[in-house]
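In structure tokens, the next block holds one chain alone, the form predicted on its own.
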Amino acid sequence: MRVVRISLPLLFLLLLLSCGGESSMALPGFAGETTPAIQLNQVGYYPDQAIQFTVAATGTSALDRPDSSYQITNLAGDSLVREGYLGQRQDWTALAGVLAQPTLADPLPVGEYRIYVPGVGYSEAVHVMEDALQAPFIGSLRGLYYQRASQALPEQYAGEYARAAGHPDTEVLYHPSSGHSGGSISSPGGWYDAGDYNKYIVNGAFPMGQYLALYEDVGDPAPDGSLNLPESGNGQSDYLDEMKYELDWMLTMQDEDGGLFHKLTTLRFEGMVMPNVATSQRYIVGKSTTATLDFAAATAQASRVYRPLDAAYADRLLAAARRAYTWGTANPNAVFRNPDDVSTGEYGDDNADDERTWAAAELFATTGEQEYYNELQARPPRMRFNAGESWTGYMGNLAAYTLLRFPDRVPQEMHQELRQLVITLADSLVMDVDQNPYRQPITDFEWGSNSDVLNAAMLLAAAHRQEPKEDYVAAIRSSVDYVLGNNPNNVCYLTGYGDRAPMNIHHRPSIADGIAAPVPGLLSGGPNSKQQDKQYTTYEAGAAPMQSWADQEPSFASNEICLNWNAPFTYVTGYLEHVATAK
């Protein structure tokens, strides 16, 4: 029999609490109703992570009291675990539409809890887990499988989201803008880019660079059998199997001269139907410097990643990257604009400097050849972060991340300069996080703002790899908390996860499949202050920038999904899982 001895001071404290001492306030008990005024990560916190949450009010309330308290209870809400005081109220009505009281509670042991605020109510469940982000990480990768073109998704792998194949893309006509006067091309496979059924090289290659970066930074994050893919069980990484499905399509988009066609699309967006019903003629449209150099970068990086597994495939990728680089540098001004008869996504960019630097960095890291280093000396990576510039300006950051991975190959002077740049920029992002009641790094909410939050977090991860400061990890985690529920809309922006996830995303299969819940594992774009779709979407009257989000199917400006939004989510959650495992 084990005897537990309690000291007299501790016994006195326990008696005081049980008899109505200051810390023993009566709890009403959880009655099954939660309040959206308590906003938190709806998926999971790590046991060494501060419990970040925000209590928000739209006007004068009991929260005006600077001594407002909170209690953390068990899941049933009838047993006190801990209590404390809310943080100082901040007036964020102009940006977030709320009076916010951001609060950081001490970490909790593994378990499930609730937060209770007197006069406000109970929160959704607080989940504390060792692998807090593993499920959404895997879910975001599974989201790519659901986006596969030219392939049926059988129930064995897709469950209730099984569907027929669409878009075989074996006879895609050349549009005059492609430089070909007639004929067709076979270009099957790849991922649908967004909520529509088109495929784009710029927005295939840029996310590919982020996905491959995770593999290089942490090792294989999804080994064979972890994703339940048709390729599972082949003895190779499920992660790389899924990446190869996109890479194989990208290779079909290279012209004989080495340049890359910009996109494969219909002339107009298809209607809200399933892929096999969307049968309008598809075209190869345009050729551009940015698409070509993005492709060169991604395939050069992929050749490095796949070489230990498949040398022949790595050789093919590298040869394609070299040819693309040669064409891209010889044609620096091939700017893409939609032809008059095409109105699908443009992904236009007037400046290819970042793409050129990224391509040179990946080719240099892969080959070590002087030609590519000379290019880097002439055009060193520009380290910067600006919201709304993900697929036009983030490539310079990707170039720096890659060069920092190879300190033995990169000359010390360049390595040290890049290291200092990434640390300086990361430190400024940490300051931005600390000054924001929702503890995320942006105040400008553009199209795909959630990806801006996560791209900033990826930059913090790059700094953490150089200097493993806990401040960086905390800022990355709090940025993920924002995306997973600690936001003024009180929504977990990843479909299929959390207590309040988007149900009406702008995504054709999710709209047309007859299933109430959308395809899981897809990240909603997030608040967009410009509301370019307001003629189709009903936003809250006077919505502040952070509230400019609508869970409505027509909201392509705030509630669509996209490859370059899922990619940084996958990177950041995968990186945090790696950090948690390594501790």
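Throughout, we count residues from 1 along the sequence that is shown. As the structure is a prediction and not an experimental result, all values here were calculated from the model.
The form predicted together with a small molecule exists for this protein as well; it is not shown, and the discussion that follows is about that form.
Distance criterion of 4.5 Å from any heavy atom to the small molecule in the predicted complex singles out Asp196 from the list Asp238, Asp354, Asp196, Asp349. Only one of the listed residues (Phe364, Trp447, Tyr145, Phe137) places a non-hydrogen atom within 4.5 angstroms of the small molecule in the predicted complex, and that residue is Trp447. In the predicted complex, the small molecule stays beyond 4.5 Å of every heavy atom belonging to Phe336. A residue is said to contact a partner when one of its heavy atoms sits within 4.5 Å of a partner heavy atom; Trp565 meets this definition for the small molecule in the predicted complex. Though the partner is left out of this view, Trp391 does reach within 4.5 Å of the small molecule in the predicted complex, counting heavy atoms only.
Using a 4.5 Å cutoff between non-hydrogen atoms, Tyr200 counts as a contact of the small molecule in the predicted complex. The partner is not drawn, yet in the predicted complex one stretch among 34 to 42, 534 to 542, 554 to 562, 511 to 519 has residues with heavy atoms inside 4.5 Å of the small molecule: 554 to 562.
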